[in-house]
Ligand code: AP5
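Form predicted alone, single chain, as structure tokens, below.
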Amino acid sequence: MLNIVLFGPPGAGKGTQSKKLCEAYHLIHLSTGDLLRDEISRVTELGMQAKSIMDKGELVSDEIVIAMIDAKLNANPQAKGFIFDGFPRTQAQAQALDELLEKRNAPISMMIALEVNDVELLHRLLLRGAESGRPDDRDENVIRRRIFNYNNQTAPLKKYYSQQNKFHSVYGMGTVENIFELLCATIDNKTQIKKPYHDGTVTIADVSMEDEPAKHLRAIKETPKTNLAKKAIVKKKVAAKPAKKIAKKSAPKKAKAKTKPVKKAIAKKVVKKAAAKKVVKKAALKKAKKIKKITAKKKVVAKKTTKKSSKKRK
């Protein structure tokens, strides 16, 4: 069970933060002022006793307040915990509350004090008085007296809970959300089980001599370090996959680059063939010229022979 005493001077924001903490941790808000008003409105025996004392202008005794708290605890047996807002105010009340909770085997888990300076408190309460119309929040002298009384009362309570290692101080100035985060961090740090840190190295202190050696070897092989090494290898493989994709994408470019020398080679072959054709044409022209010369010579020879034969006939 999580039982928290939330303490702070008037205007520190205990009521606002108590509601938020109750929602976050599923707790029940216990305010002595609310308890008194509830008991009186329901006309219970405790309520009538308290009303008669308050009507005389006297303070309600610790016994009556503790009895009201006991009744509230009995009415919520399945509760996960309580936030005690504004109670206890004195060391005698704190001791009486401890005795009541010890009987239930549900002691106070921690006491948190919201720390706000007097100037800020005065400013907050005057604003609250202007909005709500509460007379005790509109008179500056009354406010200063209330803050002074609180500071005198809390000194012994801080010492009382510090001796039990339960006192925590939280900076109560800032936004409602920021203060709430600080309160939650304080509660979580106190209540959550902290797992011991281990870097994976097996030492003599980690190994019992009664265990089998094979178990120790297995533990050494399966240390977090080897797992980290495996993860690193997997990461390298994963990192290599995009590189392969990039290589595949760049492959067509390389193929295009290879086509250039092929085109040059084809062009050279075409040029060579053209040159070869020219050579053939030249050779053919030469042969044709030779043939013409030969035929011309033959014609000349033929004419000469015809002339000679004609002369002989004459």
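Residue numbers here begin at 1 and follow the sequence given. Under this definition, the rigid core comprises the largest set of C-alpha atoms superposing within 1.5 Å between the forms. The structure presented is a predicted model; accordingly, all values stated were derived computationally and were not measured.
Omitted here: the form predicted in complex with this ligand. The next part is about that form.
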Contact with this ligand in the model of the complex for D139, defined as at least one heavy atom pair within 4.5 Å: yes or no? no
Looking at the partner-bound form in the model of the complex, is L21 within 4.5 Å of this ligand by any heavy atom? no
With the partner left out here, check for me: in the model of the complex, does some heavy atom of I187 sit within 4.5 Å of this ligand? no
Just checking whether G174 would be counted as a contact of this ligand in the model of the complex - the rule being heavy atoms within 4.5 angstroms. yes
Name the residue from K72, R144, K166, R124 that puts a heavy atom within 4.5 Å of this ligand in the model of the complex. R124
In the model of the complex, the residue from K80, K159, K103, R134 with a non-hydrogen atom within 4.5 Å of this ligand is R134
Applying a 4.5 angstroms cut-off on non-hydrogen atoms, the residues of 1-20 near this ligand in the model of the complex are P9, P10, G11, A12, G13, K14, G15, T16
Displaced residue check between this form and the one not shown: I53, CA, 2 Å or over, core reference: yes
Rigid core fitted, is the C-alpha displacement of I66 between this form and the one not shown 2 Å or more? yes
Taking the rigid core as the reference frame, is the Cα of L27 displaced by 2 Å or more between this form and the one not shown? no
Thinking of the 3 angstroms or more shift, are the C-alphas of G81 and L46 brought closer or pushed farther apart in the model of the complex than in this view? farther
Comparison of CA distance in the model of the complex with shown form for S18, E58, at least 3 Å: closer
